[in-house]
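Here you'll find one protein chain in two forms, each presented separately as structure tokens under the names structure 1 and structure 2.
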Structure 1
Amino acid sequence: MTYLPNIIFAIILISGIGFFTKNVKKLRRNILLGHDVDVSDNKSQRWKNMAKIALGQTKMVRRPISGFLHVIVYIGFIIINIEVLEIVIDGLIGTHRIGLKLLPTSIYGFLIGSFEVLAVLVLVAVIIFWLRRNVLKIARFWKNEMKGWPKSDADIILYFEIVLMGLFLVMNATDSSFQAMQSGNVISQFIAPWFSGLSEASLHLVERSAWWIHIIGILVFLNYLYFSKHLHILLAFPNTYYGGLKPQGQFNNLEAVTNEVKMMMDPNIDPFAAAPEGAEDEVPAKFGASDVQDLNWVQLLSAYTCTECGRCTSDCPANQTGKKLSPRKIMMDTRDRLEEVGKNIDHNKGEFKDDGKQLLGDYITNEELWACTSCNACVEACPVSINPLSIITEMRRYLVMEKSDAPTELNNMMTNIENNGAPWPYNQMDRLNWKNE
């Protein structure tokens, strides 16, 4: 009977990690629905980017207030959860604060004391974040795409962090043996008097309840990540590693189009030569993207990595002038459509069946795409190296090359380039007439 708590703990732990693993496999499958792209170049620079941007938070602190608060939460939450290792060991083998048996009291006290200070700092930062969102109502948190679930999700994660940090401090404050050590209780010693009226049995019950709820809360938080924008806690690292290394504004060329142009310009190639055997049976590749499967897997990884912070949208000149384009919405729509496709595959036992919907049109409108000025402001602003412009470019490429659906001004320009070799509606012979005027 004495082993029952350990058995229950093991079942909860295995269930939590098992469900998380299942969701990670689903996440990986969804991301790999995108077509392959070679990102094996310049590994040293990629590691530097990951260390600097994801680990070092260098792009986050460009906005000092929110950046500093985020660094506190990031560092504090990660370091505090080192204690989860002690909780797991205690829960599995039935010990209590096994760290005291493995470490000198002074070192253990220093670690727990540091965790308590960080817990308070995290609480303060999280409360400020909540006030910024819900009282000050900073504009980028109240755009159209942030209504409903996105807004609730942002608040839920803040409540999660408040509860987990609070439970950690209560757990320490109600642990009589820990308080008696007079080491490491730098914060919890001021909380302990709140429970001074309780009997020893009641105090132990509060401590055990806080301990159990704390570890269960961490497992729930871990599994909540898949459904939340806070998946970036895990995905920011691979996303910054696989982020683009080319100069901003340098677009990729379609190999098929490049080869076609080269063939047209090569006088030695016979355009009427017979195609290689079997070539007539090949299905031509789609130009650009109309749905998530047409994007590459790095772009789909970025969709899941999006923090919904809105820095991209607040820096977007098109959005600032009242146009419908929001780079954040582009990423959110891509993720929502990818999730829809994933559920379709789950429902149809591993096979995607056409649902009559696609990313272009059902989620993202032509108006949004053509409002983009291709200035890369959104790319520069993103703290985790997401590139909304690459998705916009692929979808505009599809509209132009597959659907011949572009704004009138652009169609006129392309017609002029085709006929006159320049964007203006003048014959090539008349280009220099202005000199004689």
Structure 2
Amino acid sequence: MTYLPNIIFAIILISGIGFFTKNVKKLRRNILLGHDVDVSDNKSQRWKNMAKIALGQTKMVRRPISGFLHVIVYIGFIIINIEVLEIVIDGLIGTHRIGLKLLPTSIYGFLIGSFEVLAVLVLVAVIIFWLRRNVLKIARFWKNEMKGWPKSDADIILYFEIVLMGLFLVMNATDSSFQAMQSGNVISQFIAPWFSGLSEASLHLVERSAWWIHIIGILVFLNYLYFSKHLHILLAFPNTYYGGLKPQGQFNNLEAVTNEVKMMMDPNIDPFAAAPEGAEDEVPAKFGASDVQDLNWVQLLSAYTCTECGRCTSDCPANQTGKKLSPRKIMMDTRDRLEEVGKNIDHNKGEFKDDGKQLLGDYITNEELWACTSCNACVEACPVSINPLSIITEMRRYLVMEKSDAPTELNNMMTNIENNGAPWPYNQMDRLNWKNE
């Protein structure tokens, strides 16, 4: 019987981690539904970007208030998790505060003391976050795409963090042996008096409850990640590693088009010649993207990485002037459609069955795509190197090259380029006339 708590703990821990692992595998499978893309170049630069942007939060702090608060929550999250290590060991082998057996009291006290201070800072930051969303109603949190689940999701995450931090402090405050040590209880000593009326047994019960709910809460939160926008705490790292390295103005080159153009331009080629063996495989099924499987896996990784902060949308000139386009919605739609495709695959024994839907039209409309000025403000704004513009471009490519579905004025512009080498109907032979005007 004495081992019962250890066994229960192990079962909870294993199922918590196991369930999460299962979902991570699903996540990986979904991301790899995207096209392959070569991102094996410039490894050192990529590591640097990850260190700077994800670890160092350099782009977060470009907006000083939310950036500063985020840094607090981020540091708190990482450091307080050291405490989780102790909880796990205690839970598994049935010790109480094993850290005290391994470390001198002063060092242990210093560690727990820092965790307590951070827990309070995180609490304050998270409460300010909640106020910014719900009381100040900062515009980017109240755009159309944030209605319903995305709004609740954001609040749920904040409540999770408030409860977890609260439990950590209560757990320490009601631990009478820890309080008696007089080391490390920098914050919890002020919470302890709240429980002074309780008997030793009740105090112990509160402490144990806080301890158990805290660790279970952490495991629930871990598993909540997959169902929420909060995956960025993990995916920000790979996403900043794989993020763009080229100048933002450089749009990718479509290799398949290059091959066709070269054939068209080569006077020696016989247009009626039979295609060489295997050549058909080189021509892609379609140009551009109408669904998530047409995007590359880094774009799909980015869709899962997006935490819906809306910095992209608030910097987007189209969105600022009331157009339907919201770069954040592009990412959210991509993720939601990818989830839908993933579930479809789950239900159909590992194979995708056409569901009559696609990213284009059912999620993202032509109107949104044609509102983009390709100014790169969204790319610049993203704190975790997401590039919504690349998805917009791929979808425009599909509209233009597969569907010939561009706005009439753009078709006129393109016809002009084709015929006169300029977007306007002027003769190429007149190009130097300005010299004599």
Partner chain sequence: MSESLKVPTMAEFMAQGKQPEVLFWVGCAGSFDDRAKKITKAFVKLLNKANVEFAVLGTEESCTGDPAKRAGNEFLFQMQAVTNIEVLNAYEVKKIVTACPHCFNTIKNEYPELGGKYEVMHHTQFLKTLLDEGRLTIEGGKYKGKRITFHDPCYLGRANSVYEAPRELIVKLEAELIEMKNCKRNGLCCGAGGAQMFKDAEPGNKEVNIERTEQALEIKPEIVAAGCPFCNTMMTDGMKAKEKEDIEVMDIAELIANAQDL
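Residues are numbered by position in structure 1's sequence, first residue being 1. Think of the rigid core as the biggest set of C-alphas that the two forms share within 1.5 Å after superposition. Computed from a prediction, not measured in an experiment: that's the story for all the values here.
- Assignment of forms: the chain in structure 1 is the form predicted on its own, the chain in structure 2 is not.
- Relative to the superposed core, S15 undergoes a C-alpha shift smaller than 2 Å between structures 1 and 2.
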